[in-house]
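Below sits a lone chain in structure tokens, taken as the form predicted on its own.
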């Protein structure tokens, strides 16, 4: 979480001093952009005054490496354990339309699971975690490498993979927004499920399972 916060803040400092997104290989002030912060009420000059590209780059690169190394260790450790697959992979019956609708309704109604179901991930949780672990995080890392001159000098095909450095930057920002949305939804889910109970279980391993009757009382 610390890495994510620093990556987000440092990335924001970098973006503010270049507050436009482009598609392709070329991008500069005055060039056709796919997104302009000025369209949302903050001019280029105002955004530039708020940003700090030098500080942002230093910390972004530092915590990017910490994030990558930590992520590889976490992923490798979990993939080595068999319980990861039973815990994270949805069962066939969970992927049915009926099951997905029921799980979606529970989430929209902010209804936390009770009993033994509280000890397991719901199907939407499993799908979202798998997408984050195996799609968004890898894409974020690769699109970040495509913006680093040191890596693109060694592997210029990274730029071609995204159709240009500016395209990689734009997709990197979109991926950041999706990850931020995931974090916000995740925090809401923690509050719905009981923040004290959830945090205590992370620290002590003790998780109190509420029954439907206890929840109603």
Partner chain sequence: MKKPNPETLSRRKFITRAGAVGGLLLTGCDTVLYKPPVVRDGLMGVADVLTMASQRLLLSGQQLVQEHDASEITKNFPIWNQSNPEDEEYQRLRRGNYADWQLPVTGMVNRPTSLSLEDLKRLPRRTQITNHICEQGWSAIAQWTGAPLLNVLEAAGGVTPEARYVLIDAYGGWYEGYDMFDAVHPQTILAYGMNGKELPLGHGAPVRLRVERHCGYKQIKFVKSIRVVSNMDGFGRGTGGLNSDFDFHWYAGA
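None of these values were measured; they are calculated from a predicted model. Residue numbers count along the first chain shown, from 1.
Note that the form predicted together with the partner chain isn't included here; everything after this is about it.
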Legend entry - Exercise: residue 41 in contact with the partner chain in the predicted complex, heavy atom 4.5 Å: no
Inset, instruction - Classify residue 70 as contacting or not contacting the partner chain in the predicted complex by the rule of any non-hydrogen atom within 4.5 angstroms, answering yes or no. - result: no
Inset, instruction - Verify the contact flag for residue 177: yes if a non-hydrogen atom of it lies within 4.5 Å of a non-hydrogen atom of the partner chain in the predicted complex, no if not. - result: no
Inset, instruction - Indicate whether the partner chain has at least one heavy atom within 4.5 Å of a heavy atom of residue 27 in the predicted complex. - result: yes
Inset, instruction - Note which of 173, 34, 154, 190 lies within 4.5 Å of the partner chain in the predicted complex, where distance is taken over heavy atoms; exactly one does. - result: 154
Inset, instruction - Can you tell me which bits of 147-185 touch the partner chain in the predicted complex, meaning any heavy atom within 4.5 Å? - result: 147, 148, 149, 150, 151, 152, 153, 154, 156, 157, 160, 165, 166, 169
